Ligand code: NDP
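So this first bit is one chain, no partners, the form predicted on its own, shown in structure tokens.
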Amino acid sequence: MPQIIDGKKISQQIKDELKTEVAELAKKGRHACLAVIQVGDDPASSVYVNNKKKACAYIGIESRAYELSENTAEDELVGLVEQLNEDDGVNGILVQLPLPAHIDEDKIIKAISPDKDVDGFHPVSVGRLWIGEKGFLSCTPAGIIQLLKRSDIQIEGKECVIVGRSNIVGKPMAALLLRENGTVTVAHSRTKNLREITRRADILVAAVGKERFITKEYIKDGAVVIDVGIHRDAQNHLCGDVDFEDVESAASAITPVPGGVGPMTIAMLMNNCVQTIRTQEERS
């Protein structure tokens, strides 16, 4: 039986550590505040926003919610972001994606100050990540690194294959695995001989966005398999990019869906929020 990597348990460990740290920083007058902006009432976005609010409350981070109409103009949203950039009482700004079609997501991401970009999506944050400077890390890839480290899975020297090249997961995942001295291959929809490449992987990160796409034929015996995907199948059951039942017997360790990577994303968002007051503390 493989090791089932428990993202709920590990994310709770991180939140408990952050709660203790926030309490200590509060004694020194250092407080974190996260501003969360949601445009429209997409049900999935509402769930994510509520989970972020709950995590803030648990850890001791103030959260401010800005719930805007679906019809909010792009300029109005940019104006709110700029106002929050200037607000010294706000340490982190998060704009919940996706945004309505009439709003340019890229423009909004770039409007957020890199010093408050707790999602790690701003081009400056991405640049800092790739050249190894201190800055906010993309939350899902950073969470995956923590899953591996806290499960005693060595990254250094291992062959790591990522299936997917998105700006949110695939590309920053490559940078973080390189930072940990992994040997990294990024595969994608145009990759030839995909199975041959994935079967080389000691660590396989599936972020392809296709339900149960990765089957046993894609896995080397003893590989560590990290499933970033989340879907609802024909029976309305949650599942990932990996066919868990098929792959489980071949893997040495695997993340389930749900309960694997998902909880780590919010834990690492909270870590980024706390990073803003750690930085204040270091500068003082």
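Numbering starts at 1 and runs along the sequence shown. Quick caveat, the model's predicted, so the values are computed rather than measured.
As for the form predicted in complex with the named molecule, it is not shown, yet the points below apply to it.
- Residue contact check for residue 265: one or more of its heavy atoms lie within 4.5 Å of the named molecule in the predicted complex.
- Among residues of the shown chain, residue 216 is not one whose heavy atoms approach the named molecule to within 4.5 Å in the predicted complex.
- Remark: residue 210 counts among the residues lining the named molecule in the predicted complex, judged by a heavy atom distance of 4.5 Å or less.
- In the predicted complex, the named molecule lies within 4.5 Å of some heavy atom of residue 169.
- Looking at 181 to 189, 148 to 156, 68 to 76, 89 to 97, the stretch with residues near the named molecule in the predicted complex, meaning non-hydrogen atoms within 4.5 angstroms, turns out to be 181 to 189.
- Among the residues 231, 64, 28, 54, the one placing a heavy atom within 4.5 Å of the named molecule in the predicted complex is 231.
- In this stretch, 137 to 159, the one residue having a heavy atom within 4.5 Å of the named molecule in the predicted complex is 140; the partner itself is omitted from this view.
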